[in-house]
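Take a look at this single chain in structure tokens; it is the form predicted on its own.
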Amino acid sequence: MEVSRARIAGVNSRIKVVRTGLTASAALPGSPPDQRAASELALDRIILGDCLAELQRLPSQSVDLVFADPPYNLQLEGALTRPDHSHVDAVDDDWDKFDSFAEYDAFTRAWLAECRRVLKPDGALWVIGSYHNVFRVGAILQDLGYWILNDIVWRKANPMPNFRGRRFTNAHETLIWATPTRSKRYTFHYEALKGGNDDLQMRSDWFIPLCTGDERLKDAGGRKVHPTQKPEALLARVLLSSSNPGDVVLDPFLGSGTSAAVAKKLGRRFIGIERDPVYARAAQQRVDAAAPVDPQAFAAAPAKRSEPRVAFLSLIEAGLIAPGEMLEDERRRHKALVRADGTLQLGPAVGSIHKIGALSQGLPSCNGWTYWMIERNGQRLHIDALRGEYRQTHRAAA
């Protein structure tokens, strides 16, 4: 999280001194952002400067994914203490303070508009917040023309208790996943997420621990470098679900650099913007220490819907299934005869693997590839496995 009040008034503060590894933007008088070449993107760099000023320098439609962890505007009044009167290390930094909701809304609208401009048409934005700000952010997103795909509840395994006992323990934060326009063109690795979730659809509530232990950045005195450092597991799930290797990930509020470090590990390019030199320095050291994962470990598996269509008849013609064999459902309640023309027969009814599968269950539709099973080498498998074998064989031949 980071913010500058000056940006609301249109004053773009500049930071002239840049340490090794950090990038300072160069002024381009009279050169609007839309006219800049994509080659000028400061890829895999942390830009030290004001988020709005730096966003305005980026080319339009140059970024695949935005992850934003903006100020929450917590509106804390005074120090927060535990029952034993010890001090709670809460978020009370100046970057999280605004004079009014109107000021916060103006700031939010400005940076979200710039993010929408720099996003590619098939790109997406993730923004995380708490009950203090996420509803305002969501409304502004919709006002600006974004299309909200999901809200994700990040359930914290070890949340800070409510010391005063006046409210419920705040045990979650909310992420909004949105596209710049209402479009079906966006990245979502449904099958990969499902496969990593024991073949169950990934839900919209994610149970992930807070950032603790060795992952938490500390200064020489043992104090937290950043009060709201996010866990790498959270960012990894975001990037693996909705981006591809080589994509450009932009974080306009880089903070301690979690998004940049995870992007580097997972083979994504990143652009980080941070105005606080202390945070930027810690983030750079963290990125420098991040070791990329073997590319084969994060390569995105092709989505089934994007793979070439294979007709059931093709499996028969390739000898993977023989006419006269019997298919059955997983519970062995129904058996259907495979015909030479690629249809199935169940009693007097003849039709496609989908039509006969639906008929056997009394349903209007059915995915025959995952409904029907066949026996091979003493094992039962879905005919979808044979379709995968067919694709693999023909892909290699091509």
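A residue's number is simply how far along the shown sequence it sits, counting from 1. Throughout, rigid core stands for the largest set of C-alpha atoms superposing within 1.5 Å between the two forms. Keep in mind it's a predicted model, so treat the numbers as computed, not measured.
FYI, the form predicted together with the DNA isn't displayed, but the following is about it.
* **Among 110-118, 281-289, 238-246, 190-198, the region lying within 4.5 Å of the DNA in the predicted bound form by heavy atom distance** => Going through the listed ranges, the match is 190-198.
Can you work out whether residue 181 and the DNA are in contact in the predicted bound form, taking contact to mean some heavy atom pair no more than 4.5 Å apart? Result no; residue 181 lies far from the DNA in the predicted bound form.
Margin query: My question is simply whether residue 142 lines the interface with the DNA in the predicted bound form - judged by any non-hydrogen atom within 4.5 Å.
Written below: Taking the distances in the predicted bound form, the answer for residue 142 is yes, it comes within 4.5 Å of the DNA.
Next on the checklist: Taking any heavy atom pair closer than or equal to 4.5 Å as contact, tell me whether residue 345 reaches the DNA in the predicted bound form.
Outcome noted: Answer no; every heavy atom of residue 345 is more than 4.5 Å from the DNA in the predicted bound form.
4.5 angstroms heavy atom contact with the DNA in the predicted bound form for residue 361: Contact with the DNA, no.
Worksheet item: Hey, which residues along 332-361 are within 4.5 angstroms of the DNA in the predicted bound form, non-hydrogen atoms only?
Response: In sequence order, 352, 354, 355 come within 4.5 Å of the partner.
Would you tell me if residue 206 moves between the shown form and the other one by 2 Å or more at its C-alpha, with the rigid core held superposed? After core superposition, the displacement of the residue 206 C-alpha between the shown form and the other one stays below 2 Å, so no.
*asked:* On a rigid core superposition, would residue 193 pass a 2 Å threshold for CA movement between the shown form and the other one?
replied: No, because once the rigid core is superposed, the C-alpha of residue 193 moves less than 2 Å between the shown form and the other one.
| said: Please state whether residue 177 has a C-alpha shift of 2 Å or more between the shown form and the other one, with the rigid core used for the fit. | reply: Residue 177: C-alpha displaced by less than 2 Å between the shown form and the other one.
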